[in-house]
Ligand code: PA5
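Only one chain is given next, in structure tokens, and it is the form predicted on its own.
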């Protein structure tokens, strides 16, 4: 099965790209644009840069438009695995009109053509993957742009060393949550991972999945737990990181306690690793395997995404 082979080899995707490092301080702000599996890359690198203490605003955008304040003194990093994502192409077109510094990351397509025509910096990633299965290639390319080459190599080694444990844990989690709607609660440092879990479960497992983030979910989401009819349809997963704010970690404990009082048994997960990046990718890889095993249990081929393809076809008519 191609999907399983791709997930199996994800650690190998963490390779260093020979690029000229970008200095965030050279710009008034940085905007990443991407959709789907490409868009998550922007979420992740935004978190990594902010955790490093970057001194300029960093945006991860989805959609057709640039905010009006993103002007010629900003950097735009456009990520589209296929190179044909219409929302990303729309933003690149607007970025060119505004005179932004633009870097494109793609396997080819129209984005590569635009980069060549306009003289934009372009980073090529390997082709012939479904976009969500090329996550490591795209993330490595963008991390290379920001000088995180040592981190890339550590991530690859860490995932390889822990792959067996990750697969075993994922299989147990999938056994537990099958036949339930997964609800993934996250913290600020695990929010992009929760979104990756959601999208992988949606696309690979052909299953609904919902997410919410602390501390915000303590101001609304938890009120919905009063209804036993709906809460008993769900299985809850909590993702957190040791570097989260102390009060957020306290809220993780409170959330776990509340769920247990209701007779629910949440799965509470912390990534394994010496650095935030290692723990982050550990949890992301774990979610990939959970989605694959769920697809197996439900009897779905994880690769086709027929509803998405139908929407794209209708848009092009």
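Positions refer to the first chain, counted from 1. Here the structure is a predicted model, which means the values were calculated and not measured.
This next part talks about the form predicted together with the named molecule, which is not shown.
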**Complete:** Only hit among 266, 29, 36, 273 for heavy atom within 4.5 Å of the named molecule in the model of the complex is 36
**Item:** Answer option from 186, 205, 140, 85, heavy atom within 4.5 Å of the named molecule in the model of the complex
**Value:** 85
**Prompt:** With the cut-off set at 4.5 Å between non-hydrogen atoms, does residue 190 touch the named molecule in the model of the complex?
**Reply:** no
**Prompt:** Does the named molecule come within 4.5 Å of any heavy atom of residue 2 in the model of the complex?
**Reply:** no
**Fill in**
Exactly one listed stretch (169 to 177, 211 to 219, 147 to 155, 125 to 133) reaches within 4.5 angstroms of the named molecule in the model of the complex by non-hydrogen atoms, and it is 125 to 133
